[in-house]
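Here's a solo chain for you in structure tokens, the form predicted on its own.
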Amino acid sequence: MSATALQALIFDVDGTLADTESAHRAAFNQAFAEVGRDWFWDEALYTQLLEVSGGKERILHYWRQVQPDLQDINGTGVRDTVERLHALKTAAYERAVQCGAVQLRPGVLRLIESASQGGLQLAIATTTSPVNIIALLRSAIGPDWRQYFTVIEDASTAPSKKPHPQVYLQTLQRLNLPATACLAFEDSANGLKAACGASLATLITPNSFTAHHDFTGALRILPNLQGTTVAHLRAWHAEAPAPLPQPTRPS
């Protein structure tokens, strides 16, 4: 049972705030086509690739799968190609978001607004790139979207991708709050592991790409946040078991 009052909500972005993965998959495929590669990630393959956190990491992982003898002769060729592919993919994703291809998941905006009005701090802890966050939330919430979030940690500030807890540990440090005063929101097993690694009680809202994941250790598993209120969150937070001590991790 948590003896600390709930003071902050920490949200993952992709798959949690919005169903973004179909748009991401299409953007990856568009980038591959733009540079003349015959790679195509169908939904089944992309679901598997989501086990790898980070877009650049996902590209490199797949490249090594289809070309096991991949070698970087001068030390920059592979990296530069991955960087270019990811830049093209990011641009394609931004265009899709601006055209309305991605919306917030049910209940998300209402909960963000009511939590903010209720005095809770809100934070983002994601390992997606800042440009993806801006494109999504500017489109979904409006130009003043940043007013809701006290802290934003992303791929530019937390290079160790989930399931490593770095992004959550940094978020807690910037919030100046203990994990016991917060709730995390995730949609994937890697996200849950990262949050639990920072001793955060975590609510899971799976999507079609993550429904098969193992969510052992989650505080609650909900289909979405529709109908979820701040009162629910406070009650669930109060019921959360005390976190187990976490092993010390290298910085």
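What you see is a predicted model, and the numbers here were worked out from it, not measured in a lab. Sequential numbering from 1, following the sequence displayed.
What comes next is about the form predicted in complex with xylulose-1,5-bisphosphate (XBP), which does not appear here.
Q: With a 4.5 Å heavy atom cut-off, would you call V230 a contact of xylulose-1,5-bisphosphate (XBP) in the model of the complex?
A: So V230 does not count as contacting xylulose-1,5-bisphosphate (XBP).
Q: With the partner left out of view, is R105 within 4.5 angstroms of xylulose-1,5-bisphosphate (XBP) in the model of the complex by any non-hydrogen atom?
A: Because no heavy atom of R105 falls inside 4.5 Å of xylulose-1,5-bisphosphate (XBP) in the model of the complex, the answer is no.
Q: Find out whether any non-hydrogen atom of G54 is located within 4.5 angstroms of xylulose-1,5-bisphosphate (XBP) in the model of the complex, and reply yes or no.
A: Taking the distances in the model of the complex, the answer for G54 is yes, it comes within 4.5 Å of xylulose-1,5-bisphosphate (XBP).
Q: Is A218 near xylulose-1,5-bisphosphate (XBP)? Define near as a heavy atom within 4.5 Å, in the model of the complex.
A: Judged by the heavy-atom cut-off of 4.5 Å, A218 is well away from xylulose-1,5-bisphosphate (XBP) in the model of the complex.
Q: Check for me: heavy atom within 4.5 Å of xylulose-1,5-bisphosphate (XBP) in the model of the complex, for each of V13, L50 and K89, yes or no.
A: Every listed residue reaches xylulose-1,5-bisphosphate (XBP) in the model of the complex, so yes.
Q: Can you say which of 139 to 147, 121 to 129, 175 to 183, 96 to 104 gets within 4.5 Å of xylulose-1,5-bisphosphate (XBP) in the model of the complex, counting heavy atoms only?
A: Contact-bearing stretch, as computed: 121 to 129.
Q: Heavy atom within 4.5 Å of xylulose-1,5-bisphosphate (XBP) in the model of the complex: which residues of 29 to 48 meet that condition, in order?
A: Just Y46.
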